[in-house]
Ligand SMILES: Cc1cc2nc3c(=O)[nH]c(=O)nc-3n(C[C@H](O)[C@H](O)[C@H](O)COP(=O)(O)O)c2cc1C
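The data below hold one chain only, encoded as structure tokens and taken in the form predicted alone.
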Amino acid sequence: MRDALGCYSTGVILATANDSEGVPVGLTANSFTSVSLDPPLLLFCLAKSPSRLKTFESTDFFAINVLHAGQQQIASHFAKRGAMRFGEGRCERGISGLPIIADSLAVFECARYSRHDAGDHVIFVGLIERARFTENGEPLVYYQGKFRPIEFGKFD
């Protein structure tokens, strides 16, 4: 099943929030999508196993940072078990004090809209309170278990 699902390429995000002490927490994910334009909603899924689940379940706000191809190291760092916290200079603060990655392709700052149990994952739906993006850069893509480059113009 994992191999078959791996045939679908996805973008890579870093979901961020603050823990109960206000310390920024992040995790790498590729299960992310837009849900609605009116109201503006998005979702991401988080496995029930990581210790970071508690932070996202207890917070009212989270951010989604869409990573670019040059941010593979950040994605790899936050994909590791136990790599919850940011180092110096990794983030700035957005609305509601959310940790955000300043040079991401896009950043969505969200209020938690709903939460849904879904098998071995939890689906978090966010109401987008602020979005910003850049038109420069190539997205970080995940395909068949690896980060992959996109070759723009190859199919033109």
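Since we're looking at a predicted model, the values are computed, not measured. Heads up: residue numbers just count along the shown sequence, starting at 1.
Beyond what is shown, the protein has a form predicted together with the named molecule; the following relates to that form.
- Contact between residue 35 and the named molecule in the predicted complex is not found at the 4.5 Å heavy atom cutoff.
- Looking at residue 115, you'd find every heavy atom of it more than 4.5 angstroms from the named molecule in the predicted complex.
- The named molecule is not shown here, and in the predicted complex it never comes within 4.5 Å of any heavy atom of residue 98.
- The named molecule is not shown here, and in the predicted complex it never comes within 4.5 Å of any heavy atom of residue 68.
- Of the candidate stretches 41 to 49, 125 to 133, 104 to 112, 59 to 67, only 41 to 49 has residues with heavy atoms within 4.5 Å of the named molecule in the predicted complex.
- Heavy atoms closer than or equal to 4.5 Å to the named molecule in the predicted complex belong, across 120 to 135, to one residue only: 121.
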